[in-house]
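Shown below, as structure tokens, is a lone chain in the form predicted on its own; questions about how it binds or moves come after it.
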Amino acid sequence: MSSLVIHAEALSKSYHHFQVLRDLSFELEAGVCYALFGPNGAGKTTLLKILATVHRPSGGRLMIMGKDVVADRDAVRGRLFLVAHGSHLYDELNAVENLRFAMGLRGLAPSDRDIKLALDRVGVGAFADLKSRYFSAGMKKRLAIAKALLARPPLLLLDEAYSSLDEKGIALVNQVIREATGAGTAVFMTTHDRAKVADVARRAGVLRQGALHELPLTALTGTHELF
């Protein structure tokens, strides 16, 4: 069985006459965390949404776990999980209900124990019965991470994974990434923080003017500007 999770070939994305992504080609193997950098508006979130099958590419080919993201979109969606920049929670549902609903959409039915373990793991177990409308931004991010823990996808996508989190939350994210990649999950994440991601990333790249450039890992601990 191939360990290749993502295979992108000459991927492009345009909105009307504006080209956001230009001929992106890259691969990502199982068990590897890839950190993507770039200035605001460079197309990082656009690329992440294409990988998540939320947006369709304008050109090129994208395969995830051997499946074409356009022709086999539903099959691909079942093999990945996106922790987006927004919380994507239902305000009138409590933490447990939000997890059950999200997993139900994936055809999963985690046990009460699994849900409790996930909530405790991300530090919001004490708020299991609280409606998510009362959660802080950091608590909502933690709850989104709990969904990823329960889903256990072969491909985990993280958009600005450290945003809204305190130091303990940042450490939690990195530990989740370490455990996920150790179990064979591929992680593709966008971030602006080189120092935080340096502990977990095994590959890195930067988007400049729609093109993807691979970065040496030494760039994550350097002080020079990436863009």
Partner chain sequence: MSFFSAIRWIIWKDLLSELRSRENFSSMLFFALAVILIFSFSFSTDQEAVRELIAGVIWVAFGFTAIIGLGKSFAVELQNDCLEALQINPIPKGAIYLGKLLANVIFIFSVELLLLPLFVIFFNLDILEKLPVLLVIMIGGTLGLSALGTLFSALTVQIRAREVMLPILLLPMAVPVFIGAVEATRGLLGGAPFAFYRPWIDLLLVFDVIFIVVSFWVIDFVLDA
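Residue numbers count along the first chain shown, from 1. Every value quoted in this text rests on a predicted model; they were computed, and no experiment measured them.
Although not depicted, the form predicted in complex with the partner chain is the subject of the following passage.
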property: 171, 202 and 219 all contacting the partner chain in the predicted bound form, non-hydrogen atom within 4.5 Å; result: no
property: Heavy atom within 4.5 Å of the partner chain in the predicted bound form - the one residue of 52, 65, 165, 32 that qualifies; result: 52
property: Which of 23-31, 44-52, 194-202, 175-183 sits within 4.5 Å of the partner chain in the predicted bound form, heavy atom basis; result: 44-52
property: Heavy atom of residue 152 within 4.5 Å of the partner chain in the predicted bound form; result: no
property: Interface membership of residue 93, the partner chain in the predicted bound form, 4.5 Å heavy atom rule; result: yes
property: Close approach of residue 86 to the partner chain in the predicted bound form, 4.5 Å, heavy atom; result: yes
property: Partner contact for residue 72 in the predicted bound form: the partner chain, 4.5 angstroms, heavy atom; result: no
